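In C-alpha cells, the next block holds one chain alone, the form predicted on its own.
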Amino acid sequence: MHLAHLRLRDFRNYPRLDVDFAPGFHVLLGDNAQGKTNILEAIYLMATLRSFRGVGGSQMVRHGQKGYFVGGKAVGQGEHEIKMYWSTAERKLSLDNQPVRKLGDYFGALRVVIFCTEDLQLVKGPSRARRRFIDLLLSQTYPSYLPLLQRYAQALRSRNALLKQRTPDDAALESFSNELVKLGNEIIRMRVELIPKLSPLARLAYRRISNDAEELRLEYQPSVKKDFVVELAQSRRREQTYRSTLIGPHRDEILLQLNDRSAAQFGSEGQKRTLAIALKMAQAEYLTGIHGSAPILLIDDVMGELDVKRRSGLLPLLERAHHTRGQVFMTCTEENWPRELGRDLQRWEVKAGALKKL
C-alpha cells in the first residue's frame, strides 16, 4: 500500500500542495516549524479521520482561512480517491467520489502506523490512550468494529445522562443497560481475542530493540470480571453516588509490564520509549499479517531520540517495508538524519509550507 498523491488546501501552514509520491522511503528534511510533521498529520488524518496530535479540526485550518481540504490517491489492492473538507459550517468526506455514509466502509482505504513523541502516552498516559490504540487496530482490521464502538459510546452517553437526573426513569435505564451489555460484551470479546495475537509481536519487537534487556508482558484487564449484567446491577448504588457508569469496556486497562513490574511506574524513560516503539512495530506487523501488505509507516523525528542500539532495532521493520515495496515517510533535520538508512531513498526539503524534491 502507498500514497500516490497528496493534495492540501489551507491545511496548517500549507496554502496549496500537490505532490506525487512513489513507493519507498521518503525523508522530509528541514528546520523546525517548517511543516514536516504537518505532512504526516495530513496522511494520518486521511487514514484515521483524526489528528495524532489530539487536536480538533479548527486547529488544522491555516491561519485566517475558513476550512481545510485534504485529499489523495491511495494505492493498495485497488486505487482509492480520498477527499475530505472541514470547516465550522460543514464537513465532507468522500471515497471514490461517493459520499461516505458509514465509516466502516471507509476504514482500510488507507492504512498507516505513526511513530511519534506522543506515543509515550501509550505507556505513561491514562488507560484511555491504551484502549484507543487497541480500538484503532481493531477498526483497521474489522469493518464491523468501529460501528460497534460508536453504538456503545452512544448508549453509554444516554445512560450517563439518565444517571445524572435526580430520579432516573427505571425503564429507560434498563433499556440502555441492556444495550450497553449486548454491545459491551462483543467489544470485550474482540479485544480479548486480539491481545494474544498482538502480545508475541510486541514482545519480539521489544527484545529486538532493547537487545533482550527485559521481558515485556502485555495483559488485557477488563473491568467486567465475569458477568456484565450482574456486575452492572451490583454497581448501581455506587453509580448513584458518582452519577456515571462505572464498569464496562470504557473502563478497561491494558497492562504493560517489564520483568513483571509496571512499565509506567518503574520503567526508565529509555525503556518507556522502547516499549512505545515496540507497540507500534507490533501494530505494523499485525496489520501486515492480516492484510498481506505493509501499512504506510510515518516516523516523526523519533530516530533522533533513540540511541544507536535502539535505532538498529527499528531498521529491520524499515528494510522489510523497502523490500515489499511499502512506503515510509520520516521527518528529521539535517543534524539527526540517520545515515545508516543508506542512499536508497527520496529526500525532500520542507521549507515554509512548501515541498521540494532534492
Partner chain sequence: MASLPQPIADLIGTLSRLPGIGPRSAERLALHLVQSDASEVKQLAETLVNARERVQTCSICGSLTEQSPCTMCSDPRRDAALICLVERPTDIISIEKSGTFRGKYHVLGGKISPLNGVDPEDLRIGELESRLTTEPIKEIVIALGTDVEGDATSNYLAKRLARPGLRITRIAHGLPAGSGLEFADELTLTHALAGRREME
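Predicted model, so just to flag it, every value in this text is computed and none were measured. Residue numbers count along the first chain shown, from 1.
Absent from the display: the form predicted in complex with its partner chain. The rest refers to it.
Screening R132, R151, R251, K272 for any heavy atom within 4.5 Å of its partner chain in the predicted bound form leaves a single hit, R151. Interface residue among E214, E118, E179, E239, judged by heavy atoms within 4.5 Å of its partner chain in the predicted bound form: E179.
Although the partner is absent here, K92 is not a contact residue: none of its heavy atoms lies within 4.5 angstroms of its partner chain in the predicted bound form. At a distance threshold of 4.5 angstroms between non-hydrogen atoms, A155 is in contact with its partner chain in the predicted bound form. In the predicted bound form, its partner chain lies farther than 4.5 Å from every heavy atom of L255. Proximity of A161 to its partner chain in the predicted bound form falls within the 4.5 Å heavy atom cutoff. Residues placing heavy atoms within 4.5 Å of its partner chain in the predicted bound form fall in a single listed stretch, namely 136-144, out of 214-222, 136-144, 79-87, 241-249. In the predicted bound form, its partner chain lies within 4.5 angstroms of a heavy atom of only one residue of 97-111, namely K102.
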